[in-house]
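Next up: a single chain in structure tokens, the form predicted alone.
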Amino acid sequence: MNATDPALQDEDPLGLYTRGAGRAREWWRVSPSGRAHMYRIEHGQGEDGAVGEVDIDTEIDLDNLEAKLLKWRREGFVSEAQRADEARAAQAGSAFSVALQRAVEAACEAKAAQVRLQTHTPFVRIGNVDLPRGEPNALVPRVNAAYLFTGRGGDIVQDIVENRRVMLIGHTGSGKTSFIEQVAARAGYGVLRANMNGQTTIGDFVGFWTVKGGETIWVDGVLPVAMREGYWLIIDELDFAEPSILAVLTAVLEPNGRLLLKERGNEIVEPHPSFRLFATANAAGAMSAYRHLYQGANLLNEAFLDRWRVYLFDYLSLEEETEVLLRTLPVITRQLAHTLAAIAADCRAAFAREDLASAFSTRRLIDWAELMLRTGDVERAAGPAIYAKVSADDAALIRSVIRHHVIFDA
């Protein structure tokens, strides 16, 4: 190995690299080749404890293997040797874990005591976190009764209680924005959204002067409106924002940070106690390896990211997405829901390998399922729900994935 990544030095590259579990388990296997200085790599999917059918089998040289190892590591693949190292590290760190657990229990008790002092405030429980209720208003999102809160959201809800600035990063359609909206819907907080993908200017964001009825007046942008009124502001696709917008955000990102409106004679906007600030991004931080899939995304530096709590928001697991389908469409069977979720999982795996240029969201999956219930035809429903939204090459690959599951899972 060369010095491109110190973590790869002295590492034996041979062996099995896996990620996921159950039917969603994906693997790469590296073995010696019959030719000097060459390696054989194979790819496939299979249940835990099995290798499964091979769909890629090729030979590469050492330089290409190093690049593959780095790519696999970024994508979450772990070798058997790495898993053994993690187990040894966990055992060695048991004393630290005990001390940490005691500190966690003390912190939880302190928070519970604080909640007891605020018994006059009504709360709503989301997961295992009590969130104070907001005041009903027209901007409170509609509750989606089928929405599934999973374990991934507990820390985020606690951050909302503590008024932290939260950024959710992940692929398109992984549920970043809908998670925040559904928390707000249940707790009764109004939500404003600002989409940074070429749709929001600095004037829309902060405010601008305009003439109305012969009088020059100031119009607040989405940020000061949210701060004054106590709304939750979601800045979608922050990695596409103009530098001027990122500059304005810097001061507001501090806890209880204030906004300085220079255009209004340096007026200072104080945040309402209920104001919360969120952002979503596709290619920031740990997702920066996928920036080439999101053309136009900007690099958010670490100093800026350090002002946020950043959470990697992945797609739902196969079992979780099956449950969402059953909640949304209770007339379908668990077997049918499982097959549809498996199709989505395979399409996402192809997207991660860059065999597909289009992501596969839960929203798209539900839309397809609803059309199937109307038409009774898998292909007819897939036309407007899937195929017409992607390139011809992507449609052909997705069609092959669908047919594979429809035939073999029947």
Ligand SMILES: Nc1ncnc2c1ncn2[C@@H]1O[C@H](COP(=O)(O)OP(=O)(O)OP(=O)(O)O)[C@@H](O)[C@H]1O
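Numbering starts at 1 and follows the sequence shown. Here the structure is a predicted model, which means the values were calculated and not measured.
FYI, the form predicted together with the named molecule isn't displayed, but the following is about it.
Contact annotation: residue 175 falls within 4.5 Å of the named molecule in the predicted complex, judged by heavy atom distances. Looking at residue 147, you'd find a heavy atom of it within 4.5 angstroms of the named molecule in the predicted complex.
Proximity of residue 41 to the named molecule in the predicted complex falls outside the 4.5 Å heavy atom cutoff.
Of the heavy atoms in residue 126, none are within 4.5 Å of the named molecule in the predicted complex. Picking from 359-367, 23-31, 338-346, 55-63 the stretch near the named molecule in the predicted complex, with a 4.5 Å limit on heavy atoms, gives 359-367. Contact with the named molecule in the predicted complex, judged by any heavy atom within 4.5 Å, is made by just one of 264, 152, 307, 228: 152. Site annotation in the predicted complex: the residue of 316, 329, 192, 161 reaching within 4.5 Å of the named molecule with a heavy atom is 316. Although the partner is absent from the chain shown here, none of 165, 277 and 288 has a heavy atom within 4.5 Å of the named molecule in the predicted complex. Within 4.5 angstroms of the named molecule in the predicted complex, the stretch 273-308 places a non-hydrogen atom from 282 alone.
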